[in-house]
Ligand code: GLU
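The form predicted alone is given below as one chain in structure tokens.
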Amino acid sequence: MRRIAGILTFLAALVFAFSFVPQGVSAKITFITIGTGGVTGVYYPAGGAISRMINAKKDIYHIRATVESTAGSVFNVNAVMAGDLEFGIVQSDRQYQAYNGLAEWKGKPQKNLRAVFALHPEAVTLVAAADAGIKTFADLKGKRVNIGNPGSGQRQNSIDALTINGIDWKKDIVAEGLKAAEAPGMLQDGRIDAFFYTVGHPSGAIKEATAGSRKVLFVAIPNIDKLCQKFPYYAPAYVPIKFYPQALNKEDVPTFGVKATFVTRADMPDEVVYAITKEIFENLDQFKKLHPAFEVLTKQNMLEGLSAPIHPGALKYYKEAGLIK
């Protein structure tokens, strides 16, 4: 009996020894993936900026973040809700539509979608080839125009802009469904006449479009007030010409826009969302240096454009920081 008792004591000691984690040793790592967009847009570097800041403090937060290039907002919402992604960058209009069961989610509201914070503003940018005879928005009729790939947020923005100005995208133009990264090359090759792109500026894709041998210009989108009145998630915006000196425009071009937002789902652990929110907000000056599109960010405007409920983990930080009462 004494021998058996001794063996049991020895085994208990082994279990204790292997289960004890000394102070300072990392706890279990939580792996997260952030869905972004095309590699030439701002979503991809935005996701990369967030992941780099989180990964730099993995010994503190015990979070390891990776970034995935995706088809955009609609894809990101669906993938987050399905559990294929933990976080996603989504246009503010798409967040609104998903949560309220509109557009692609008609009759299927995504009530477990949760907002974390907003990022940069995004302007609906219309780029046209100068030799295509497109000087005004009405000149798009009869032309071959890329409105964006299915699964992207920009596709509906393009359709809204066309519709409010009396252009039927199914009948009045030859609508292409290319990914944003493909459009500049297609424009320069003469295979399309113009393309829409909802994007933060400066944009690598837009720079590519303006840098080729085929001269291009930005086309103003009319009836912005009417559009914003009909869709409350839109706001007036402009394309800043200073970033695109090779375009033919001399002044900023009026348009409308949305915001990029960072979202997750309701069952994401509070401590994970809290850690990400705290890291970005408490190091906002550092974050803003990671991309020119972030220059306009403030703690206050990063809480604008959130139409889904704020995740409890983010809300905890906002209340601690006095940003929300």
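No experiment lies behind these values; they were computed from the predicted model shown. Each residue number is its position in the shown sequence, starting from 1.
Quick note: we don't show the form predicted in complex with this ligand, though the next part is all about it.
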item	value
Distance check, Ala235 to this ligand in the predicted complex, heavy atom within 4.5 Å	no
Contact label in the predicted complex: Gly38 to this ligand, heavy atom within 4.5 Å	yes
Any non-hydrogen atom of Gly72 within 4.5 angstroms of this ligand in the predicted complex	yes
Val42 within 4.5 Å of this ligand in the predicted complex, heavy atoms	yes
Partner-proximal stretch of 168-176, 196-204, 108-116, 219-227 relative to this ligand in the predicted complex, 4.5 angstroms, heavy atom	196-204
The unique member of Gln95, Asn146, Ser152, Thr125 whose heavy atoms fall within 4.5 Å of this ligand in the predicted complex	Ser152
Residues of 79-101 having any heavy atom within 4.5 Å of this ligand in the predicted complex, listed in sequence order	Gln91
